[in-house]
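First, one chain by itself in structure tokens, the form predicted alone.
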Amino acid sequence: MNNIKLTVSHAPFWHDGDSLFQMNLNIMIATLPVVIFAIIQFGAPAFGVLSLSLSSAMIWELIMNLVSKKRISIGDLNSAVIGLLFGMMLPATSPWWLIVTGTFVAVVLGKMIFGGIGSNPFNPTLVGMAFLMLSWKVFFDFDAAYVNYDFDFTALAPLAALKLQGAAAVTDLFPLGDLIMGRQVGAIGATFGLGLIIGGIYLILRGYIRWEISVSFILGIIVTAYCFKLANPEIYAGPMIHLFSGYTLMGAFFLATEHSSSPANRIPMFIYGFCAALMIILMRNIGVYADGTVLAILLLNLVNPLIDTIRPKTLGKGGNNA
């Protein structure tokens, strides 16, 4: 009796010689401009947060491998990427227990409990972030987090200021050049817009993320924010403030593009990216959170299986053979 099992999955089926290790290593390389800038701007505390986040994420996966008696899988660097991105989304003053708790939720509950890499329906990094933001929101008050820092620019988080004061009051406080070059208060890896763009373009050119998601995501931010600004320019900011502040560019290139939780087909990719951006602006402008990136992308992760069923109809139709 033939016991051969067939594995059915999304195309492509031809291996290009790449590996999970190489892909994750390249994602980490793409974050280097932002990470280096963050350590220069926020100092040793930022390095400590990133180091603890990366290492604790790998340790949690190792523990799960040992407990479940499965192959040690930390060598593929997937948990390292989860930990690095998670650390980039935290303020530099985060306490150690917050980081360790967040990486536990991200790796164990967001990834390993579903079967490991490729099986997670939600972005593990965002699962951990959502848990922390809902449980200890106070630690994500970036204005308070950096109160003891002496910056030579406006030491306010742009989106929080926008939420409290409106667009008319804050537009002059945050020149576009400052936002692009990271002269703003925010998460460790989310302030340097130019660095995030460079890293994202690198990943697109190397083929590790799909440009369809990133481009439609950015387009969704621009279109939706512009519509709100047309409706009431005194309250709602223009597209550039939304694009270059908060977690927006991290979402466009490093979060929404996570392979297991994003679409595999081209048309769904455009829909997924645009709708995620639409939800972000809706949450920012009429919701209670200053930055809705985390929850918006998780929401699109939830409906991703439905979106991914949308595809062009095939030409012609088959018939029965006589």
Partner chain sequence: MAQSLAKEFTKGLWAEIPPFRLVLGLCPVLAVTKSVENGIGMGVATTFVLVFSNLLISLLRNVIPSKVRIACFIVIIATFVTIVELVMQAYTYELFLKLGIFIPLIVVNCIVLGRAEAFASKNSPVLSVADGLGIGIGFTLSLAALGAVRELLGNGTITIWGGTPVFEMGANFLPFQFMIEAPGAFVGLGLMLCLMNLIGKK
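These numbers were taken from a predicted model, which means no experiment stands behind them. Positions refer to the first chain, counted from 1.
Same protein, other form: the form predicted together with the partner chain, not shown, and the subject of what follows.
Comment: the partner chain is not present in this chain, but in the predicted bound form one of L282, I29, V67, I36 has a heavy atom within 4.5 Å of it, namely V67. Only one of T171, T154, T101, T93 comes within 4.5 Å of the partner chain in the predicted bound form through a heavy atom, and that residue is T101. In the predicted bound form, the partner chain sits within 4.5 Å of a heavy atom of L109. Among heavy atoms of W136, some come within 4.5 Å of the partner chain in the predicted bound form. The partner chain in the predicted bound form comes within 4.5 Å of no heavy atom belonging to Y226. Within 4.5 Å of any heavy atom of the partner chain in the predicted bound form lies no heavy atom of Y146. Note that among 136 to 144, 217 to 225, 178 to 186, 232 to 240, the stretch whose heavy atoms approach the partner chain to within 4.5 Å in the predicted bound form is 136 to 144. Of all the residues from 140 to 171, none has a non-hydrogen atom no more than 4.5 Å from the partner chain in the predicted bound form.
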